[in-house]
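Taken one at a time, structure 1 and structure 2 that follow are two forms of one protein chain, written as structure tokens.
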Structure 1
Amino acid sequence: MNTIEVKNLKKYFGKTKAVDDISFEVRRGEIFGFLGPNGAGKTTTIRCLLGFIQPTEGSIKILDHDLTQKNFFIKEKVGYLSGDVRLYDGWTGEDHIKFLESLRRGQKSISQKLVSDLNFNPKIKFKSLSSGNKQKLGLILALSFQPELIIMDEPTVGLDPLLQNTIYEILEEFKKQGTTIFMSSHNLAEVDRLCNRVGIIKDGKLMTIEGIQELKDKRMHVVKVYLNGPFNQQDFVFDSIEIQKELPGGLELGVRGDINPLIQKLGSYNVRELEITHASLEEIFLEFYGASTNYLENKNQNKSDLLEIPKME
């Protein structure tokens, strides 16, 4: 069962192809991450899913109903959260909640529970809220009516880790109850923690759809290691490791996939300092898909070829 079915979606703004013939499905009850660099077409796709903009071509089905035919029905079952929540400055959180309750008369609201879970003060005007509290209010409004589908556009961008974690816990709770979540994100850790599958979009084209484990296998780390005493550079040459830079008394290594072989190797040395950083998701995009053609073309290739880890430059 699919919650979202997008077929041959195109959205052009004049000559600009914001979304260029993408098709994908989001299964019921899964968290689907929609990833891509800035300007890739993520937000345009989300706006098409919400009916804010009309597709140039293609069809969108949500909860088995055509979006253009059953917009009202679909919106009753969808919650939306933007990364940049913009609400009415002069209204309090309570005003916003009551207003949505009056628009969705007859739908059960769990806003009070969410207000309590998120420790949100609904008596403060929107313009006086911190960015984190604005996002909390956006989340409360999106989830209050227990939607069957939650659509989120970079929901935790700019939030502190504590609040991010609270949001993840709430979303995981909703997922357990069978809610489908479609979210765009730049945050690899977020995607890693929450998503079952991801779709990667670039220049308006869908490059690939993968399970999160497959994406994880393509993970890159940058490791800076400083060693006490002499070392042999050749010890650090593995299939998935590349020496990027020589450092005074150490090396900077690019590691693709499992980092454990490197850690084991380092165990035989006296390590003075070790720094491991994740490559950003965007770096992975650039690395894996920079020169690639689109997913539809790749689909005809051998699956193992598609998932094969290319050599680092």
Structure 2
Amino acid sequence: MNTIEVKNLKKYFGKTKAVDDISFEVRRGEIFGFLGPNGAGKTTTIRCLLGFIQPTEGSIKILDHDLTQKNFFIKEKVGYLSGDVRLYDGWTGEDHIKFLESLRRGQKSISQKLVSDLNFNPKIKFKSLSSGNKQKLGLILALSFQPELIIMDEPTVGLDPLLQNTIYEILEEFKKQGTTIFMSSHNLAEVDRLCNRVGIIKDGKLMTIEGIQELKDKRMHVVKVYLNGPFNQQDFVFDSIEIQKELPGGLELGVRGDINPLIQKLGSYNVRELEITHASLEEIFLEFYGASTNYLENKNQNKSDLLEIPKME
């Protein structure tokens, strides 16, 4: 059963095709990663999923309901964390939590547990919080009522590694309880750890949807081989193998799929040292965009285009 069903979604701003005819499904109880560099269409897609903006074309179903027909009902079932948490400057964290609880009377809140788990001080005004503590408050508000669907844009940005691990544990516990999580992230290590599947978007187009292991299998190994004596580089240029760089007395090779043809080829050489590792998710991701991508340069520049909440002193 699916929690999210998107069919032929388009969102154009004038001549700009922010999202251009994408379709995907997110299964109930899975963590789905939505990847792409800045400007790829991630945040626009999220805004459409939340009903913040209306699609130019296409349909969206959330929890078996058409988003255009059951918008209010759906929002009661969804927790949301924006990529740039902006709340009321003059309110404390406690004020925000109490306000949310007043809107959800009768529903069980785990806000106090989250406050404790995240080591968050709820007595400080939002405008005085560090970026990391603003992120903590955003997480508390998104998760407090244990929603059926959580939509997160950069869930651990600004948090130290120890706190990131705490967030991962919380999200994994939500998943065990059947919650569906849709997350956009530039942190590929957390995507690798948390996600069941990922969708990769580029220039508004959905390039692929893959299981994490399936994605890794597209480029399974990085091989460093050091040889005794001279060798011919052309011996290592054949199907599924590419030379990535020259090494002193050897080569670094990228191997897709079956590694045995390379092992057989090495049998005709005197091998001094051999190192075989799996390619990282980041290396695989970059392959989809080519060597010229500016993804790594921009991955910490989290520029959200979400609507700004008016200030309230």
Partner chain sequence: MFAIFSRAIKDRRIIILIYCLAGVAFLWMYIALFPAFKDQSASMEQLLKNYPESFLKAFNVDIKSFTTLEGYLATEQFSFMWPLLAIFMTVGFAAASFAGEIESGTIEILLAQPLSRARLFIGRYLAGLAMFIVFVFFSIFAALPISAIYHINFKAENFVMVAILAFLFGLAIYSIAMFLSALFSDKGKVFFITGGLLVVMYVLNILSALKENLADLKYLSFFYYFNPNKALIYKEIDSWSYVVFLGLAFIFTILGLIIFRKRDITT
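We call the rigid core whatever largest set of C-alpha positions still superposes within 1.5 Å between the two forms. In this text, all values refer to a predicted model and were calculated from it rather than measured experimentally. Structure 1 provides the reference sequence; residues are numbered from 1 along it.
Between the two chain copies, the one drawn from the form predicted alone is structure 2. Remark: with the core as the superposition reference, the CA shift of V225 between structures 1 and 2 reaches 2 Å or more. The Cα shift for K265 between structures 1 and 2, taken after rigid core superposition, is 2 angstroms or larger.
Superposed on the core, the two forms differ at I241: its CA moves 2 Å or more between structures 1 and 2.
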